[in-house]
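This document starts with one chain, in the form predicted on its own, laid out as structure tokens.
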């Protein structure tokens, strides 16, 4: 499963010289001056998710980075699970990887880190100011950096739930919702609450998830729509669904586009997870340097405030102000008590079992 490649050793270096031309923006970058920066590439390729995800990254990180460095950012919208084997193959064959930076789920990033295909990011200066959430669990260094957290909420149209927010995931089994529910096409975010809703316990994960699959079987009878992040927003906007297990960002985007939509964390709980960024091994030295500077900039308060305002997600830099519509919202945890009904499963357990869970979910839904 794992193999290693020699890692390049870079000293900690700043992104830009402090020049008057940069004005106040220079203050958000490391102050140490590197006398001779490596040659700038014409562009960096950043893998991203579509819809509001890439638009928010563009506004908060990519466009400001281009303005400060002159390096164009190209966003590759290949799905994270699809680009993973391409990166792994490039590393195994000693080829230059297809992207410079992978914006990825922490679980997928962990798989790549264990495989030895990620660069060490321990020398990023802005890690010194980040919270513990930025540190990948189970690693001594930083083969990736977590950039924010998120909740897989139960999003719903209030008019479809006249008695108030659905208190349980089992409420989605009402026959009136047949064909009006949406889930991710691999079931991500749904497995853990399904385990509880099916009568099992979180302590039984991963050894005994019969309860989860029983509940997924029940849900299959509801003929749910299956898709990816941009689909949920579209479905809500088009009035095609009444409820969905999705990251709050997608429901919030629909609401910002005028759709009457809310979300909740049912009594069985909702999955909390993180995403992050990492750099594949095999880049030329100068491109590796600038890719690191991109991620370092993504860890500034200024970049995170704009980027994560667009996504409505809590970041990993102190001092961020929650969007006005998400103050005290269950999908925007900031204090320890905010996590009491959120399900957090070990990253190692997810890495070891996620592919099997995805396959099982798809087999049930396609059966």
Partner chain sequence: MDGLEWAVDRLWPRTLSRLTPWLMVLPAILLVGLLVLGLIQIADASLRTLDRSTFLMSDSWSDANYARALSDPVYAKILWRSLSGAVIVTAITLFFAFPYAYLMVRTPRAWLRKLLLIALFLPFFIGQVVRAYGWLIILGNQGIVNDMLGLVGVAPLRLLYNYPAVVFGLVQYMLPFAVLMLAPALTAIPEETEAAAGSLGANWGRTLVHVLLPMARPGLVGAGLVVMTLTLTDFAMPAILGGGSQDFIANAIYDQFFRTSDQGLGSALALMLVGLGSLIVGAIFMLFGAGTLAMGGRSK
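If you superpose the two forms and keep the largest set of C-alpha atoms that fall within 1.5 Å, you have the rigid core. Positions refer to the first chain, counted from 1. Predicted, not measured: the structure shown is a model, and the values here were computed from it.
There is another form of the same protein, the form predicted together with its partner chain; it is not shown, and what comes next is about it.
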property: Its partner chain in the predicted bound form: contacting segment from 195-203, 273-281, 160-168, 237-245, heavy atom within 4.5 Å; result: 237-245
property: In the predicted bound form, residue 180 touching its partner chain (heavy atom, 4.5 Å); result: yes
property: Interface membership of residue 257, its partner chain in the predicted bound form, 4.5 Å heavy atom rule; result: no
property: 4.5 Å heavy atom contact, residue 346 and its partner chain in the predicted bound form; result: no
property: Residue contact check: residue 285 to its partner chain in the predicted bound form, 4.5 Å heavy atom; result: no
property: Selected contact from 122, 131, 185, 210, since only one has a non-hydrogen atom within 4.5 angstroms of its partner chain in the predicted bound form; result: 185
property: Contact set, 323-359 vs its partner chain in the predicted bound form - heavy atom within 4.5 angstroms; result: 351, 352, 354, 355, 358, 359
property: Post core alignment: residue 95 C-alpha displaced by 2 Å or more between the shown form and the other one; result: no
property: Flag for residue 162, CA shift 2 Å or larger between the shown form and the other one after aligning core; result: no
